[in-house]
Structure formats: C-alpha cells, structure tokens
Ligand SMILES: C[S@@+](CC[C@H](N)C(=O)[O-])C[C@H]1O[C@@H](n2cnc3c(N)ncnc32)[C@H](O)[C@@H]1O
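Below you will find one chain, with nothing else, as structure tokens; this is the form predicted on its own, and questions on how it binds or moves follow later.
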C-alpha cells in the first residue's frame, strides 16, 4: 500500500467530548455490527477532519449519525431497512417533537382501532399473549398521532421494547421454552412497561443542533444525486462479507422490520418457524459482488471525504479496500484499533476480537 499512511492501533478513550457525552442519551440498540462502543474513537478521527455536513447511508443503529448530529453537523442518514429509518427520523431528523403523557395514554389504550395480526401470527413464537396483544394495540394507535415525528418516536420506542424483551436481541429463534432466558430485568418486564420506558428514553434523546437534518429510507445506490453531492463527508459502514455465517439483517430483525410497517410491505413466510419476511439482496453480502460494489460506492462519493468503517474479519481485506479507494482518493489514512464484539450470548461470540479500521480518503 505505497503512499498510504497507517496509524498505530489506538486505545479506546473515555467519553470526553461534549458530542460523545451526548450520545449517552441515545437509546442503544442491540444490533449486529453496532459501533456504539467505538464512538469515542470514531469521534477522535472525525475531529481530525474539517466538515460541516455528513451522510451516513448505512445508518444501522443510528449511533454514528447521532454522534455527528451532536457534533453540530448537518446529517443525512439513510438505510434500506425501514425500522432503522424510523429510529433515525425519531432521534436524528426530529429536533423538537416529544410524546406527551396524553399521547402515551392514547397509545397504550385498547380500543376499537386494535387489530390482531401480531397475536394471530406470532402466538407461540415470540412473547406471551398479553405482550402480543399490547403490540397490536400500540400499532393500531400510532397512526392516530397527528405529528409524524411523534409517530416515528412511538415506533422507535416499540422497536426497542421488542429488542429488549427478546433474548439475545435477534429473531432467528422463538421462545424455545425459556432456553435463552437468563433472568435479566428486561425479560421480566411486560411489553407495556418496556414501551413506557423506551418512550421516555427517546423523548430524552431529542435535541436541536441547529441544522436541517434528514433521515430517509433508501438503498445507497438509489440515493438522489443532489443529496450525494451536498455533503462534505460520507461515513460508510456497509455490511461485511463475514468469514463464516452471513450478514443477513432481515433474518435477524425481520420482526422489527415488519412491526415498523405493521407488515404492510412484506408478506410473512408461513413456512418459516419464526415467520420471517423475504430476504433482500445487497451486493455487499457476497464475495462475488462485494468488490465491484465497493468500487461503485467509492466512485459515487468521490467528491466527498470518505470514512470507511471496516473490520479485519470481513471480506475484502484492508489491502484491497485501500487499493480500490486509491482509484478515487490520493490522500488515504488508515486508523486502527482492537475491538471485542459482545453481540449475542454464545461464548464463541463473546470472544470475537477483531481489528477495526477507519479508512479515511480525501
């Protein structure tokens, strides 16, 4: 990698800057590949770059986009998943709307609007009967909120309540007779109590950074060109092609994607034990298409500073990524640090130690 600067591996610093401190208020989502624990390091790299506007087109849990909002940047956040976009609309685009006690009372009140799709479909798969009926009730009441940002906020709170009530935080397995129940408080709370806590959490996360931020649902390659060309910096955190298993977010979070639209967009696959929805294609998921997708990605954002987040356990490897980026950027710096992922409960997962990269191209 001739002409490329490789920084020494760094140690993770404590929360120090006001922007990073503010992310403590962001409702953390147990999400595959989440960068929440890396935010101080990511912020330290951002602080070496001059930029006023940024795009995060693989926003995932939204933690990095929220960090950039806290840094006072204009942020455009997007994702091809609807449930992540709902969260971003609630906490990144939204700058003032909060759910009032009256709103919350209306949301949790069972009435003539309630349907039974969730209960009828997922009874015996996820949660108990009372929790499933509560989800149906809130989903029926969310459209009654006049303020669209309040609807986003309520949906985000419902999504996080579902994650916290689900052992391991993923939806690849059902109740399994309590097999994954480790006695945590989150699993003891009713869905109603979880939802009430999450409404408060998202209310607390709302703030105005003085910029017109935007969250939208879009595949990265379908983003409007006027938006792509309007930002100084783009933060890219695409799915990694893993060395083993897969990176299928729909498989792991199909319930959250479904609940975000009340399954209006995706038909349930009845033959699936956990009632999945159809998988969606992304070229970043396969070795045969990933390299071409990265080249297309770098070309798309060639006019912005590129900050690519990647990992040593992904494909392609660091050398290939730097070579691809060098076709569009002459000044490339690679920042590195060791990181241990704690996603899931299996011991093998808890031992997942990798090297994280932030590849900055100017």
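Residue numbers count along the first chain shown, from 1. As the structure is a prediction and not an experimental result, all values here were calculated from the model.
Only in words, not in the display: the form predicted in complex with the named molecule, which the text now covers.
* Do residue 337 and the named molecule come within 4.5 Å of each other in the predicted complex, heavy atoms counted? -> So residue 337 does not count as contacting the named molecule.
* Is residue 220 close to the named molecule in the predicted complex, meaning a heavy atom pair under 4.5 Å apart or at it? -> Within the cut-off, so yes.
* To do: Answer yes if any heavy atom of residue 262 is within 4.5 Å of a heavy atom of the named molecule in the predicted complex; otherwise answer no.
  => Contact with the named molecule, no.
* Can you check whether residue 282 is within 4.5 Å of the named molecule in the predicted complex, heavy atom basis? -> Close contact exists here: in the predicted complex, residue 282 approaches the named molecule to within 4.5 Å, heavy atoms only.
* To do: Heavy atom within 4.5 Å of the named molecule in the predicted complex: which of 93, 103, 79, 131 fits that? Just give me the one.
  => Here the answer is residue option 79.
* Partner-contacting position among 127, 249, 202, 195 - heavy atom within 4.5 Å of the named molecule in the predicted complex -> Looking at 127, 249, 202, 195 one by one, just 249 meets the 4.5 Å heavy-atom criterion.
* Asked: If contact means any heavy atom within 4.5 Å, which of 311-319, 57-65, 44-52, 324-332 contacts the named molecule in the predicted complex?
  -> Going by heavy atoms within 4.5 Å, the stretch is 57-65.
* Any residue of 207-241 that, in the predicted complex, places a heavy atom within 4.5 Å of the named molecule -> 218, 219, 220, 235, 237, 238, 239, in sequence order.
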